[in-house]
Every structure is written in C-alpha cells, then in structure tokens.
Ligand code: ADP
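First, one chain by itself in structure tokens, the form predicted on its own.
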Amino acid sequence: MKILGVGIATLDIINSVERYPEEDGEVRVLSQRRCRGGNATNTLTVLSQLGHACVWAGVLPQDSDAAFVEEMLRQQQVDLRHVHHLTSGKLPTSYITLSEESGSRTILHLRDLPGYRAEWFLEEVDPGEFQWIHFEGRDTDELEKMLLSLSAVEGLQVSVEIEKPRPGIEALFHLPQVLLFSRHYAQSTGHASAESLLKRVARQLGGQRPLLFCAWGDQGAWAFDRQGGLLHVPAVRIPRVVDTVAAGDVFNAAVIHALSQAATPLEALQQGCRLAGKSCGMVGVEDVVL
C-alpha cells in the first residue's frame, strides 16, 4: 500500500541517566545518541518496515541537522518528494532524558520552523496516488483545508493523530476515517481513562463517526468500533523497559498497517499493543519490525 504521512521531523538528542536529577541537581549521563524523530516520520519509518511504500510531506531547513534527518529517512526507504526546504529556521530539536530507574522519558522541545502548508498539499499532492494518508493533528486551519480536499476521494483512507489539545481540533473529528488519540490528549481534556474519552467523542459524533483508538501506556489500548463496541487489549509485558520514546508512533503505525490489511479494530489493537510493547524493549524504531 502507498501511504503519505503529513507532519514534522525532528532531531532527537537522547540522554540516558540512572535516575532523574532533583531540581538544581547534577547527574552523569550514561549514554547519548542523536537520531531522527518526529511523530509522522517515526510512523512512516515503521510502516516502511511493514512493507508499505511511504512518502513524507513536511518541512526542513537547509542545514546539517536536516541533512542528517533526510539521510536517515532515505535509509528507511521513505520518499521525500513532498518535502519543502526553507532557507530560514532551525530543525525542531527534542532534548530527551531517559530514566533507567523508571523507564520513562522527559522531553524539552525547541521549535523554530513553520509547519507544512495546505496550499502545498493542494497544489502538489495527487491524493489518487495513495491508498492511505495520515496526518498529525497540528495547525487546525491548515489541517481542515487538507482534510476537506480529500472528502470526495474514493477508496482513500485518512487517519489523524490527536496527540495534544489544539484550538478547534475537535471540530475536525468527523472528517477522517480513523482517529488515534494519545493519553496526553485525554488527560489534558479532563479524562482519567481512555474509555471516558472515547465514549465522549463517540457521543458527540453520533453514528457517522470514524474508528476511535487511544493508547494508554502500560495499561494497554482501547478502541471504539462503528457498532458502538468498546474494545480493550492489555499492554504486552516485556522483561525490561529500555526506551519508550516513539512508542505511540509505533502503535499508530501498527494500527494503520492492520486496518490497511482489512483487520478488525480488535485485531488492529492487538497488533498495535504488540509492536509498541516490542519497541519499548529496544533502542529506537529503525529495526522494530525485524
């Protein structure tokens, strides 16, 4: 299947420490690595490993960090034809601290680069070339234009990742076929569980609504199917949590892959939890499918 992902790429600088420092404290870094990150490009990297032909639509500046990211994506066979290169701005950079004690991560994110614009999408992307288009739910004005342009494209599946609250994002929930919610979004909007969030969204959208998914870390993931059924799959237990960075992006990729193969929502949940769990037991996502 040919899949387009629309979103950002980042440079991730990841420091592993024994435990988080106290405020105004100091700890020794056990190891450091520099890698490509970004929700959409993480998801495409995994989908490429799963056998799909992947294309990324995003923005990069013209600097050495962007060149590093481009090379990493090319190594994963991700097509960069719809990337816009800007002469100003800095590649978004995430400074990530991984605690070996807890297995959790803390992220400081620096962003000084405009997002991908709907006018580029409308002028340069042929939706008929793709069977699936996946969006990060970022700039809602731009996202709405792109989603509306796809409403009449037959046979095309569209998914949107809802990672964080964005002004006006809820008004777009009826436009894709699949919505992928994060735990962060659910909690930021006052929900203590995935079940609470999905039931609320399902009530608001009524019968003509997309499939709804929400991953919840070590508690597994939930989905709401089109018949009104709430589904749950527990998290996969692994001997040791090594790296939780991008686990949500891996889950999203596995769900998209499963649905593209005509899997049921329950089967998609199972594949999502299995692959996300596997990713938490290893470093990075470049070889998660091997």
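If you're wondering where the values come from, they're calculated on a predicted model, not measured in any experiment. The numbering used is simple: start at 1 and walk along the sequence shown.
This next part talks about the form predicted together with the named molecule, which is not shown.
Flag Cys273 as yes or no: does it have a non-hydrogen atom within 4.5 angstroms of any non-hydrogen atom of the named molecule in the predicted bound form? Yes.
Do Leu231 and the named molecule share at least one heavy atom pair within 4.5 Å in the predicted bound form? No, Leu231 is distant from the partner.
With the cut-off set at 4.5 Å between non-hydrogen atoms, does Asp218 touch the named molecule in the predicted bound form? Residue-level check for Asp218: yes, a contact with the named molecule.
Using heavy atoms and a 4.5 Å limit, would one call Pro265 a contact residue for the named molecule in the predicted bound form? Heavy-atom contact with the named molecule at 4.5 Å: absent for Pro265.
Do heavy atoms from each of Leu175, Leu179 and Pro210 fall within 4.5 Å of the named molecule in the predicted bound form? Per the other structure, none of Leu175, Leu179 and Pro210 touch the named molecule.
Would you point out which of 27-35, 65-73, 240-248, 256-264 contains residues with a non-hydrogen atom within 4.5 Å of the named molecule in the predicted bound form? So the stretch in question is 240-248.
Ok, Arg105, Lys199, Lys90, His82: which has a heavy atom sitting within 4.5 Å of the named molecule in the predicted bound form? Selected residue: Arg105.
Among the candidates Lys145, Arg183, Lys164, Arg111, the residue which, in the predicted bound form, approaches the named molecule to within 4.5 Å (heavy atoms): It is Arg183 that has a heavy atom within 4.5 Å of the partner.
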